[in-house]
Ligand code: NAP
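The chain below stands alone and is given as structure tokens, in the form predicted on its own.
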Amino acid sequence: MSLTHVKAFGTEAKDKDLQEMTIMRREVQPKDVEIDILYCGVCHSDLHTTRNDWGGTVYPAVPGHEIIGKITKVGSEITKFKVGDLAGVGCLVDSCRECESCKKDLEQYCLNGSTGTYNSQDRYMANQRTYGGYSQTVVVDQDFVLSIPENLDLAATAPLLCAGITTYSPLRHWNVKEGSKVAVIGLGGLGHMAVKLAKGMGAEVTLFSRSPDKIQDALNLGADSVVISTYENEMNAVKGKFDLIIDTVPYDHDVNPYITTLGISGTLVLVGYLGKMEDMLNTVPMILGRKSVAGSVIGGIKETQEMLDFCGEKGITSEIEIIKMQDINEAYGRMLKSDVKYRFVIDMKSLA
């Protein structure tokens, strides 16, 4: 297989800054498209991967899985796209396509292991990991490429490919509709998208936050009300209220106080934190109210396209701050301090 050199930004070790480097991409195969990357969102997963917080990072690592660009080449068997089309690539670039999950359009739960956009074993190039969107171009099988609604701001659409689908998928799975009572825990990159999407589906939306200074932001984003979770009187006032809670908090925290705010048969869905919960789960309110604690991760390709089309119809995008590629290390430092409203997006022209 012939290869091509591509300029990118990545890191050689967990304790090193990201810097410019050259990576190898495969030349376009019959079912591939090549995308000239215009914008790439910055996700907490990017930072965790480069610093090997979850273990398993293989270096050099090039992150980025919120990719928006324009198609510059198409393979000989392409049927879905043409040169010049706007296109997106999210968290997945391949899967086995044969297991029960894949047959149900749930590639994110591929039983044989889906291929992540970065730091996964490349199914085309032996002994190489996949490289993400902090680069000039990317080559992806057409079945994992998404169409971008032309009415949406391209830069602000990039985070939909991770933060958007991560919150859209559980909202759809738990059948949020007009009049549903939905709460969102945390107002970061995921949380602000959960508020916007739930509101777009017609839900009554409440934000749980520990910070009173988030109240006005949440209301501006479409929340109907805000509950300060450290105020006992406010928590008591919403006991038994919610059909669904989307928990976007990215670190270990006690979920028991929130379970009491679920209504009968309500569900709290964890989308932000991966790992052990130190606080024991109190099953009493769960058993006595048929309440559930569940988890969810991104979405399949079909559902991600559905989400993009929904956002196009409703005019929903992410709140972003555009940065240059060369400022990524500073941006990571600010992310750790939650100093961004609400998602960094890299203007990839800066890499050129």
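Computed from a predicted structure; not experimentally measured. All residue numbers refer to positions in the sequence shown, first residue = 1.
Same protein, other form: the form predicted together with the named molecule, not shown, and the subject of what follows.
Contact with the named molecule in the predicted bound form, defined as a heavy atom within 4.5 Å, holds for exactly one of Thr57, Gln305, Thr317, Ser45, namely Ser45. With the partner omitted from this view, the residue of Gly88, Gly266, Pro250, Gly200 that lies near the named molecule in the predicted bound form is Pro250 [heavy atom within 4.5 Å].
The stretch among 76 to 84, 188 to 196, 238 to 246, 140 to 148 whose residues place heavy atoms within 4.5 Å of the named molecule in the predicted bound form is 188 to 196. For the candidate spot formed by Arg25, Ile68 and Ser120, no residue has a non-hydrogen atom within 4.5 angstroms of the named molecule in the predicted bound form. In the predicted bound form, none of the heavy atoms of Gln326 sits within 4.5 Å of a heavy atom of the named molecule.
At the 4.5 Å threshold, heavy atoms of Val33 stay clear of the named molecule in the predicted bound form, well away from it. Proximity of Met335 to the named molecule in the predicted bound form: non-hydrogen atoms within 4.5 Å are present. Using a 4.5 angstroms threshold between heavy atoms, Val297 counts as touching the named molecule in the predicted bound form. Contact annotation for 163 to 181: a single residue, Thr166, has a non-hydrogen atom within 4.5 angstroms of the named molecule in the predicted bound form.
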